[in-house]
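Only one chain comes next, encoded as C-alpha cells, the form predicted on its own.
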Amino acid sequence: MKFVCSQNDFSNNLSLVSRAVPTRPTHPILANVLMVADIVKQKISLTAFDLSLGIETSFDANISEGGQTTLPAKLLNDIVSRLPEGEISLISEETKDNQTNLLYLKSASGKFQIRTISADEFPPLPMIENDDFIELPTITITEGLRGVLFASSNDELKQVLTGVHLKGTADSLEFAATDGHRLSVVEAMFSSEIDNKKEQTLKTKNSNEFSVTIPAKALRELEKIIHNNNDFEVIQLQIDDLQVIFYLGKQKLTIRKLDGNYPKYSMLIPQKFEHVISLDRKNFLNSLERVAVLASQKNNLVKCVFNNKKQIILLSVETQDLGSAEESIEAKITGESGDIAFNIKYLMDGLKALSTKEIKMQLNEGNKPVIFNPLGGLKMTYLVMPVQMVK
C-alpha cells in the first residue's frame, strides 16, 4: 500500500472514526483503525468498530499501490494531528518474517515507523441484506435529537432507557427518551415541500412504518457528525432485526439496536389539567440558574409557588448549610394558586431544549406529571415528575 494525501483530510477523518474505538477493548484489534486504499476509486477509507458502534469514512488520495492494514488508532491520531499541514505519504511493507507489518509515514517535518496488525483480524461491519432505505431530512434528525437526547438514562441496569426510541410513519417521525424521572418527546411532521421544492417525506421502498431503540451514546456521535458537516440535506437509514445503519454522504454509522420493549410512554402523558401557566422561557431559566447556586447537591430541590391573583411564580431554594434564595417571575396563570417542587436540574435541562420564547406549563394537584410545551415551533412534550415536598 502506498499513497499521498492531505494531512488535514487524514487527521479530520481519523479523528472522526476514533470515536468508535473502545477505551478498554475486549480484543487488541479493536484498538486499531482499519485503513483501506482503493486504487480504482483513489480513495482511502477508515473504519473503527467497538462491536456496538462502527464508523466508516473516506477521503481522496493519490494512491499508487492499493491495499489494507490496521493501525493503533490512538497512536496514529496523536501523530497525524501534530504533523504540519501539507502532503504526507504512507507506505505499508511486510518485514522478513512475513508476520509483522510496518507502516512508514513521512511528512515535511520527519518520518515515523508504526507496527500494524493484519486487516484480516479486523471484524467486518455488519451488513443489512434488504434493500429498504429510509430517507430522513437532516434538519428533522437534528431537531429531534436535540430535543430528547438529554432525557435518556445513564443507568446501564436499565439498558433500554439508555437509548432513544424512534417511531416513523409515512408522514411523521417521533423521537422519545426517558430516564424514569422525565420524558421528552418530539414529533416531526413532514411538509409537502421544502425550500428547494423537493418533496419532504419519509421514503422507503415499501413504505413500511418502523420502530427502533438506538443507544443515545451512538446518536450523540451522529449529532456531532451532522454538526460538523452541513453538506447533506437527507440522511439514509437502513434497519434490520439487529442493526441500524445511517448513511451521511461519505460517512456511515453502523449501530447495534438495544434489546427490549421500550415503555409505552404515551400512556404517561396526562390529557386534562387543573392548572395552565404560560411564561417566558428565558426569564424562567435565568431565574432557575440564579437560585440553583444555592440548591443542595443532595436533592437539587426548587419550590415553585404560582399565585393566580398576582400572576407570578415564586421560586425558592433553601439549603440548611448555605442559606436560601428567592426569585419571582411574571406568568399567565389559569386555575387556582398552588405550589409544586422539582429537581432543579431536570427543570433546567428541559427548558434549554424547548428553545421557543414562550412555553406552557400544565399540571394537576398532587405528585402527578407536569407537562411543558413550546408555544409555536417544534412539536415537543417534556414531562417531568415533581418531588414530594415535606410539609
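What you are looking at is a predicted structure, and each value in this text was computed from that prediction instead of being measured. In case it trips you up, residue 1 is the first one in the sequence shown, and so on.
Here the subject shifts to the form predicted together with a further copy of the same chain, a form of this protein not shown in this document.
The stretch that touches a further copy of the same chain in the model of the complex, counting heavy atoms within 4.5 Å, is 321-329, out of 335-343, 321-329, 354-362, 35-43. This chain is displayed alone, yet in the model of the complex one of Val293, Ala170, Val160, Val276 has a heavy atom within 4.5 Å of a further copy of the same chain; that residue is Val293. Though a further copy of the same chain is absent from this view, in the model of the complex it lies within 4.5 Å of a heavy atom of just one residue from Val305, Ile139, Ile269, Leu75, which is Leu75. None of the heavy atoms of Asn130 is located within 4.5 Å of a further copy of the same chain in the model of the complex. Taking the partner from elsewhere, Ile79 is found to have a heavy atom lying within 4.5 Å of a further copy of the same chain in the model of the complex. Heavy atoms of Phe112 reach within 4.5 Å of a further copy of the same chain in the model of the complex, making it an interface residue.
Among residues of the shown chain, Pro124 is not one whose heavy atoms approach a further copy of the same chain to within 4.5 Å in the model of the complex.
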